[in-house]
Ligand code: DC
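Just the one chain here, laid out as structure tokens, in the form predicted alone.
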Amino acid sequence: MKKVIIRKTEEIENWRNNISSDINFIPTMGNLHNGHIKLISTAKDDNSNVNLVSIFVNPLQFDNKSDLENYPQTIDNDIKISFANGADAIFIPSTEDIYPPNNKNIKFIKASLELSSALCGLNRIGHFDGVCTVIYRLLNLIKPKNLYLGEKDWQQLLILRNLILTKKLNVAIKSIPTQRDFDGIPLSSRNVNLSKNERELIRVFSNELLLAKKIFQQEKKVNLKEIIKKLSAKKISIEYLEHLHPYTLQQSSVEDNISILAGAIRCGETRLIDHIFLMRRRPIIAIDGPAGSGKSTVTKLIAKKLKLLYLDTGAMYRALSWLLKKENIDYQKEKKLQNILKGISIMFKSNGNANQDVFINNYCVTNEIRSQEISSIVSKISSIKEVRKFLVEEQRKIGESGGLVAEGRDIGTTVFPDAELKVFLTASIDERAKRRKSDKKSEDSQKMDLNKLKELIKRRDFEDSNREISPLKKANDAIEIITDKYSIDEVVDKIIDLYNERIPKETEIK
């Protein structure tokens, strides 16, 4: 594709009409650095879409005329950097193009009051309104499929997500972690304005935040007063330093698994921001749903793509059911069952096929537990109080440090009620019966009449949904996905997109 530079808004539509691909949009204000390069190259590597970089210094988001006038502009170098790192087109409009004088069609957007009333919004009145206005204008001109933004401006990222949601814009936000320079400070176009002494101050500030993160990983607490005291001793001018919930920007509570420690300081005439995310444990995805909804297949793929542990809780119940059946144990006798459970060990081991096998008391039962015989008794056995208590405790032990995706029927409601993402995966009876019949792992189901399979699935649903202990039900905060019309890959991508909305990319950096 020929590289192009577009300078007029009216040229955008013509350009868009002459390309056959979707658009990745990377908005910038120029003076590009390695953070911008990461955005552009990530967009290039993500897909085969056309990549458009905009370079526009937006006057509406400056609350200081001097700051606007002194904003560094390096347009020729920016063009070279953009094209060298994956841009197919660059949009360089003038202020008059973006905000035509006397044009009543320009919509001036107000940022979410809740999100813009904290942190930078406290002292930069109208700043986020300016950001929302220009991005809304650019999105409507360019009509991209994906919008690439850096997590360095986390508050801005949240506000733009809210803008896209409230304006019902058909665009997905893709984010990248904060990119840091050799000395630990976040890359920023304003860093060129720093003197040697000022850069040292921001280095101390950023390193203090990174140190707080290390301490939090060990002690699970943050001491704001101590951090402020140490920074003040270095004569660092703190505008704010807050420990907040990362998505509401309200004060963090001890229940928050992920929180943000965010601050702003002033170095001479330059104002700089930085933040770090604090995690009590790694994230958890809980996927619930009825039999045959595709949970196992989807969960395995998500675990592989996100490099999370796959916790197949259904296999744990099936393995236990298999053992009780094999040993001819009367599981109705409570005391006998309790004694047996004490000596049971269930574990998962990766095999050479990039999958995992299920072992109970060191015996591999991966294939045996998928028989119709086990399917017909597992719901009854899983409804036994002692069984559920035993396996829920085992599952919680595995999930103590997080970093997993679990599937079952009570994961989001009972096992991991504090999971970062809860999904209720379901499908029609007809669709689930067809899937079960075509399941190559279950010879019994393949041989069974389709109508018979439907009846068995209906009965299983009723038993799971009406059992006294931890019945199958959708958690109040779970997102329901009906999979009938979607391919497996589409369902996986949908859930991964939801995960990426809830988990900052920076939390993946160790």
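Here the structure is a predicted model, which is why all the values come from computation and not from measurement. One-based numbering along the sequence shown.
The discussion below concerns the form predicted together with the ligand, not included here.
J.: Just one of T133, T178, S382, S206 has a heavy atom within 4.5 Å of the ligand in the model of the complex. Which one?
T.: Of T133, T178, S382, S206, the residue with a heavy atom within 4.5 Å of the ligand in the model of the complex is S382.
J.: Let me know the one among K454, R467, K38, K44 whose heavy atoms come within 4.5 Å of the ligand in the model of the complex, would you?
T.: If I apply the 4.5 Å criterion carefully, the residue I get is R467.
J.: Should the three residues K295, G314 and R388 be counted as contacting the ligand in the model of the complex, with contact defined as a heavy atom within 4.5 Å for each?
T.: Answer is yes for this spot.
J.: With the partner left out of view, is I411 within 4.5 angstroms of the ligand in the model of the complex by any non-hydrogen atom?
T.: I411: contacts the ligand in the model of the complex.
J.: So in the model of the complex, is the ligand close enough to H275 to count as touching (4.5 Å, heavy atoms)?
T.: Because no heavy atom of H275 falls inside 4.5 Å of the ligand in the model of the complex, the answer is no.
J.: How about R370 - does it come within 4.5 Å of the ligand in the model of the complex, if we only consider non-hydrogen atoms?
T.: Yes, R370 lies within 4.5 Å of the ligand in the model of the complex.
J.: Is there any non-hydrogen atom of L421 lying within 4.5 Å of the ligand in the model of the complex?
T.: Contact check for L421: no, nothing within 4.5 Å of the ligand in the model of the complex.
J.: Any idea which of 343-351, 216-224, 403-411, 86-94 reaches within 4.5 Å of the ligand in the model of the complex, heavy atoms considered?
T.: Selected stretch: 403-411.
J.: Which residues from 225-254 come close to the ligand in the model of the complex, meaning a heavy atom within 4.5 Å?
T.: Heavy-atom contacts within 4.5 Å come from no residue here.
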